[in-house]
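First, one chain by itself: the form predicted alone, in structure tokens.
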Amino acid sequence: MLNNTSVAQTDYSPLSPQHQGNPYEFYARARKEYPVFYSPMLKLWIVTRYAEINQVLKDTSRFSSANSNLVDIEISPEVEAVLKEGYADMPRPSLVDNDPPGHTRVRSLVSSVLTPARIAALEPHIYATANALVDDWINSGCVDIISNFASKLPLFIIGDFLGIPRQDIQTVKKWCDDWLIILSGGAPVEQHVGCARSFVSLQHYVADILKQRSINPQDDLLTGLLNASLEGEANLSTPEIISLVMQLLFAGHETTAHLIGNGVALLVQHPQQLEALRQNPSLAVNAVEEVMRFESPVPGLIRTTTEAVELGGVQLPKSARLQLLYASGNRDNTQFTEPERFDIHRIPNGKHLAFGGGIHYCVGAALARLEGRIALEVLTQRLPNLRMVPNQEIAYVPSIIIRGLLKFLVEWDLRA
């Protein structure tokens, strides 16, 4: 049996500036020397190699997705009192944090609404939204592409798709973000109380919209989820739809925002590939896949063992919590040729893990790909000589489940 090396325990510091700047050197060493190791700081077993990650993704009986919060949290009495003002059974497991048979039912109901045809029909709206955002600042010659484009585009699209009015979408996003603060732990009780109030506000807000949709249906995803039905299965309950709204907003906004932001950053740092994309916009399809592989917006998610199990030569106890490092698996040379090279001409082999795998493969992958493709097309076609503003400080979101830039300044030539 292999042991989780003490070097790995002390070297793995995912929130340090050094690691955030370049985690990939550590990942390469870990895959070779200690592919499965324990992090006392995170209280997680870290899985770095493609083979073991894929093994876990396919084995839902021994590796559970339930209760897949990053930390074990204790709800204070003050927070619990606030939460009682909402739905007693919230939050409910839905997609990311659920196992069969519950996951099977929810995913089937969501998939009956989130169809390929419905997503494809969004293309003109995504183009229009992307171009309208660029119109706001194209004459300035310089912009923070994260806050002014990469973050706004997917937030507006998922909000419109769900049926949340534009004037409410920033508030709804804040309510979802506040709940994530509670799940991350560590904040003062007073902040958790405020975040709990946000969570209750979100519950009542979505419940009110669902009541309106039951009387006056609309052509939006909330109406679709409300009416989704499968023979022999119960319809989605209000608490389940609220949980889905939270997960769809996070997955449909945060991760796609960083797909776009990471893509722009990579392209301007590889100007020959940027020019190739400008001359041949059809390369955007490949570019999205390569960005997802090379700088995965979600570095890794959590599983919990349901029994003692051996993984990568390491014996794991029952109830061990694991982080599957997709970002590391996506640089594994057993699966990808020259994995440390960014290349939008790379022919996708369908193996990257950025959307997860198995039964939990991202239900919104098609939408993310569509938004990413359109975003890269619009930016490279409309911004002549697009380039990175020199000498700027590069900082990443301080998170172990998100890989993305806090800010990224770009500039371009103004047309005469």
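This structure is a prediction, so every number in the text was calculated from the model and none was measured. Throughout, we count residues from 1 along the sequence that is shown.
Another form exists, predicted together with ligand HEM; not displayed. Remarks below refer to it.
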Quiz prompt | Contact residue in the model of the complex, from Leu379, Ala354, Ile46, Ala30 (heavy atom within 4.5 Å of ligand HEM) | solution = Ala354
Practice problem: Identify which of Ala320, Val172, Val314, Leu301 has a heavy atom within 4.5 Å of ligand HEM in the model of the complex; exactly one of them does. | Solution: Leu301
Quiz item: Taking heavy atoms only, is Thr256 within 4.5 angstroms of ligand HEM in the model of the complex?
Solution: yes
Quiz item: With the cut-off set at 4.5 Å between non-hydrogen atoms, does Arg278 touch ligand HEM in the model of the complex?
Solution: no
Quiz item: Given that the partner is absent here, does Ala368 sit within 4.5 Å of ligand HEM in the model of the complex, heavy atoms only?
Solution: yes
Quiz item: Val363: heavy atom within 4.5 Å of ligand HEM in the model of the complex?
Solution: yes
Practice problem: Determine which one of 247 to 255, 206 to 214, 140 to 148, 234 to 242 lies within 4.5 Å of ligand HEM in the model of the complex, judging by heavy atom distances; exactly one does. | Solution: 247 to 255
Self-check item: Site test, Ala132, Leu266 and Trp412 vs ligand HEM in the model of the complex, non-hydrogen atom cutoff 4.5 Å
Solution: no
Quiz item: What residues in 145 to 161 sit within 4.5 Å of ligand HEM in the model of the complex, counting heavy atoms only?
Solution: Ile158
